[in-house]
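Listed next as C-alpha cells is one chain, alone, in the form predicted alone.
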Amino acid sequence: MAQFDLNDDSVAVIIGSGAGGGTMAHELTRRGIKVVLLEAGGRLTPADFSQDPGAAFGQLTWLDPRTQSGTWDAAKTSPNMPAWHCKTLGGTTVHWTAATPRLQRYEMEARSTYGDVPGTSLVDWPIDHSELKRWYVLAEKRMGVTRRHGMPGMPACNNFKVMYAGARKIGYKRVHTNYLAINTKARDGRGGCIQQGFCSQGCKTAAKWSTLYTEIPRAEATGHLDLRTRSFATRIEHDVAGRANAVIYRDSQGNEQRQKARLVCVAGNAIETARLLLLSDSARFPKGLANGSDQVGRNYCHHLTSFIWGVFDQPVYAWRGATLAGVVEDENIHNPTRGFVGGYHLELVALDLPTLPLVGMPYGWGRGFTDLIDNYRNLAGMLINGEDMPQANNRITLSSTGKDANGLPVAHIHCDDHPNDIALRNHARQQGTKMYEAIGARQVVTSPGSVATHQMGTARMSKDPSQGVTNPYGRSHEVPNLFMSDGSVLSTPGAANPTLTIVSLALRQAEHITKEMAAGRV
C-alpha cells in the first residue's frame, strides 16, 4: 500500500469508505490519481464478523453520541441513537441489507410532479433520469444486482412466500424477490449467497457487495491508495482563494495530523458530512464550509419506515434467507387520490430475536408484547420504505450540549413528520395489514417508525445555488475543489433504498473529477 507525505498537495483526500467513498477511491486510483482515504473506523475481514447480534452491533455501529429533537418517532423510541450507520472500513455497505432499486423519473422531478406541497422544500433533481439510468446500469453490473443483467433472482424463502401470497390476494402484481447486490451465483471472485440470514451482521461469505472487500482492495492494488483507518476528520481547511487545501484529522494514536490536498471528497454519511462542513467554519465561511446558502444540514431525509408483523398458526422461520429478499412495488407510484404524494415499497424483513423488541415492535410491556415474542417462529415480516418530504427545518446542526471524545460538538438531528409523511405511513400500514389478514394471519402488529438508516439530503444537489449545496456532480457551489460523495447529495429521497444511487453518482462524479483534473480546473 502506498504512503503519501502529509505535505503532498497533489493527493485527493476522501473522507469515508462506504458506498460513495469506497467507490470513489477505486475509481480515482484506477485512473492513476493518488488518494488518501480517511476512515474513522477500523478494518475487519469477513472472518472477523460476529453472528452474535449484540457483538456485531458493537463491532460495526457508529456509537459516538448524538442529540435529537422533533416529532419523529426516533426521538421517542431511540433518543440515544436516532440514526444507525456504521463506523468501520466499508462503512454501511458492511451492515446494509443490499436492496438496490432504482429511482423513478417522477421521484427525480418531485417539485414539478407533486407541485407546491405546503411546508416542504421540494426541488427537482438537476440531473435527468435518463442520464442517471446510464450510471445505474454500470453500477448494477459492478455490484452484481439480482434480476438485472443476467444475475438470477434470489430464491423464494418462506417469509417471501407469505408476502407473495398476501400481495396477490389483494391484487398486487409487482411482487418479486427484490433487486439485491448479493451474488446468487459465484462471480467477481466471490461465492453465491448461502441463505443464512445474517445480512446486517456482516456477510461472512462475502456474497453481499461491500466496498470492504471489492472496491477498496482493488484501489490498494493500484499502488495509488494510502488508506488510513481509525483516522477521524475534524476539519477541512481552505486557502485565501477559498479552495479546500487540507484536512485535519486525529490519527489512530489520537494525534492531530494535517494532510494537504488537491481536492477533497466528503463521504462520511449525510449526518457526519454535514457536521464536518459545519465544524469547518472560518472568516470566509462563518456558517460552515460551503454554507453561504445556509443549506448545509437542511432538508434531511431518512425514509419513512415501520415494521408490519403477521402472526400465523404455523411456523414461518422468517430468519432463513436473505433479510430483504422480497418487495411489493405496486405502491411506488404517484397517485394523490390515496391522500398523499409520492410512494413507498413494502420490503420483506426479518429481525433477529434480540433486536426485535428493541427496534421492531410497539414499545411497552404486557401480554401482547410477550405473545409476539413467544410466537417468533410464526412471524412473517415486512418493512415500509417510503418517501419522506424534505423540509428546511429538518436538519443537522451542531449540538449545544453534546461533545465527542475530541471535545467537538456532536451532530444534533431535528426532524418533524410532515402531514404527507403521516398519511403515507398510515396507508402503508393498512395495506400491509390487509395482505396478512387476507391469508389468515391471526394477528397483525405494526411498529412505530424505526431508527433512521437511510441518511440523505443534507448537502443536496440543486440547479439554483440558493436551494442546495452542490451542483449536478456533487461539487460544492462555493468551493470548486470540494465534493460530496454520499447520500447527502440526493436532491429528494424517493422511495428507493439509496445505496445504488449513491454508487451510481460516485461513478459519475469520478469521471467528472478526472476530466476536470486533466483540464486543470481542479
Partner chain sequence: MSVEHVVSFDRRSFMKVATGVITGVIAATSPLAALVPSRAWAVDLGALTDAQGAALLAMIRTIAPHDALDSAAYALVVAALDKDAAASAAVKSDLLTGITTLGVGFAQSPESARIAQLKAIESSAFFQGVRVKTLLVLYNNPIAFAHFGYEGEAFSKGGYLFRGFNDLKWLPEVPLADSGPMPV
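Positions refer to the first chain, counted from 1. These numbers come from a predicted model, not from an experiment.
Same protein, other form: the form predicted together with the partner chain, not shown, and the subject of what follows.
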query: Candidate stretches 97-105, 390-398, 443-451, 144-152, one within 4.5 Å of the partner chain in the predicted bound form by heavy atom; finding: 144-152
query: R230, Q253 and S462 all contacting the partner chain in the predicted bound form, non-hydrogen atom within 4.5 Å; finding: no
query: 4.5 angstroms heavy atom contact with the partner chain in the predicted bound form for P82; finding: no
query: T71: touches the partner chain in the predicted bound form, heavy atom cutoff 4.5 angstroms; finding: no
query: In the predicted bound form, D239 touching the partner chain (heavy atom, 4.5 Å); finding: no
query: P480: touches the partner chain in the predicted bound form, heavy atom cutoff 4.5 angstroms; finding: no
query: Answer option from G223, P354, G171, P286, heavy atom within 4.5 Å of the partner chain in the predicted bound form; finding: P354
query: Partner-contacting position among R258, R429, R377, H334 - heavy atom within 4.5 Å of the partner chain in the predicted bound form; finding: R377
query: Members of 187-208 lying within 4.5 angstroms of the partner chain, judged by heavy atom, in the predicted bound form; finding: C193, I194, Q195, Q196, F198, K204, T205
